[in-house]
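Just the one chain here, the form predicted on its own, laid out as structure tokens.
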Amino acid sequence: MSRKFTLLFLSLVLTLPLFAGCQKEAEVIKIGLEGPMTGDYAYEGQGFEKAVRLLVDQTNAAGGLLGRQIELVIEDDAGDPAQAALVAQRLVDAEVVAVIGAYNSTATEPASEIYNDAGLFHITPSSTATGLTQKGFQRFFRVCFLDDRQGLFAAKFIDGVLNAKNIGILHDNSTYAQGLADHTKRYAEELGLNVVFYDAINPDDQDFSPILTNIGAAELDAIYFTGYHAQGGLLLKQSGELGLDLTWVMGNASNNPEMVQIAGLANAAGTYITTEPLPKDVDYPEAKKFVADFEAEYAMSPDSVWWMMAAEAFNVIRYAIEQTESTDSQVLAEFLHNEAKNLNGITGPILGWDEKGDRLGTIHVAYIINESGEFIMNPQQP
């Protein structure tokens, strides 16, 4: 009897560390971050990480969520749709309770399918393609604004501020860029503008002189490029080298200081950008605190609106967990759909979300790149 008791006691003693390890693991709340940490969009992905990690560290220092620490699980999709699908599955397998990402709509689209199949709560900070939220995914949300709204804003700006009548629209065949181009074309034509040039580039090309030559021959009052900053920079650089006198307007994916570096200051100056407001221009206490905290932590300013949107996505997840006292994806999603209203966000007031997961309301402004390469809010807005 004594021997059996001793064996039972030893078994319990040996098993206790295993139970303790499981309990410790369960105390951690894992939140996934998917973004392009490498590749053409690495500037944005690495900014995602800085912004979200800042808030994660602040939350953990204040005691965490529900008395538990947060673990940020980061995956690099390089902005590539095939890699995005692999990344999404890794985050599902890691048992995260929510995911922030991806950056570009082309990567978010396949990832969202996997997160939806897994029933995972998912928020994109920056994927604005209108069709992403038209698939009936009840746990997919965004804190950014939609391309159809930016397209309307761009058309009004080109018409009412630039007084352009014969315009061109150029995209790169990506989910985001083609969608924004199509919406802008529709609204421009409704306003009575003549869209006399509509075409696409191959984003893998490095020489855009053939299509730029065609643009130069079209006698346009303005040309709107809806693609990403890397290609936007090359278009500006090469149009300058060709001596073309063009009024360039670009969408929010070109709202990036790296574009100025690629283009060269002389070629970038005078370019207009339609976009959400930059962090420095968001006049709310929450935004000012985020900018000050970011600068104190990293000795640099958060120059991308998408970094601030990534921070906003984390704050929404944190708020939903706090308010529901749950990490269950269905509970969090139902809360955002039905109860979360009029939040004081980093990016401005969040009125709530509609049944598709789209943020209510919209905020777009126009910037101009000045002779110093700075993005300055244009004096005239539509």
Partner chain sequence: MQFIQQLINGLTIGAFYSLVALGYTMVYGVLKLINFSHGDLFMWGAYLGLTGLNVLLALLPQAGAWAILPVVIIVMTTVALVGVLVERVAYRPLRTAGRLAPVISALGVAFILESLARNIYGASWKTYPTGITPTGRIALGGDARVSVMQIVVLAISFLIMGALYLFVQRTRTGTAMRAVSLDHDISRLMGIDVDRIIAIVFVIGPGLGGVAGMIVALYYGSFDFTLGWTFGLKAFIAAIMGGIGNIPGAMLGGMILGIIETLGAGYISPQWKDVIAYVILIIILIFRPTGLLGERMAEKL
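Quantities reported herein were computed from a predicted structural model and do not represent experimental measurements. Residue numbers count along the first chain shown, from 1.
The protein also exists as the form predicted in complex with the partner chain; that form is not presented, and the subsequent description refers to it.
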The partner chain in the predicted complex has a heavy atom of only one listed residue within 4.5 Å, and of 301, 134, 202, 166 that residue is 202
Partner-free chain; cross-checking the partner chain in the predicted complex, the single residue of 270, 210, 119, 160 with a heavy atom within 4.5 Å is 210
- Looking in the predicted complex, is the partner chain within 4.5 angstroms of a heavy atom from every one of 222, 276 and 378? no
State yes or no: in the predicted complex, is some non-hydrogen atom of residue 193 no more than 4.5 angstroms from a non-hydrogen atom of the partner chain? no
Taking the shortest heavy atom distance, is residue 241 within 4.5 Å of the partner chain in the predicted complex?
yes
4.5 Å heavy atom contact, residue 291 and the partner chain in the predicted complex: no
Just to confirm, residue 156 within 4.5 Å of the partner chain in the predicted complex by heavy atoms?
no
Within 4.5 Å of the partner chain in the predicted complex by heavy atoms, the stretch out of 323 to 331, 353 to 361, 338 to 346, 32 to 40 is 32 to 40
Contacts from 144 to 175 to the partner chain in the predicted complex (any heavy atom within 4.5 Å), listed N to C, are 173
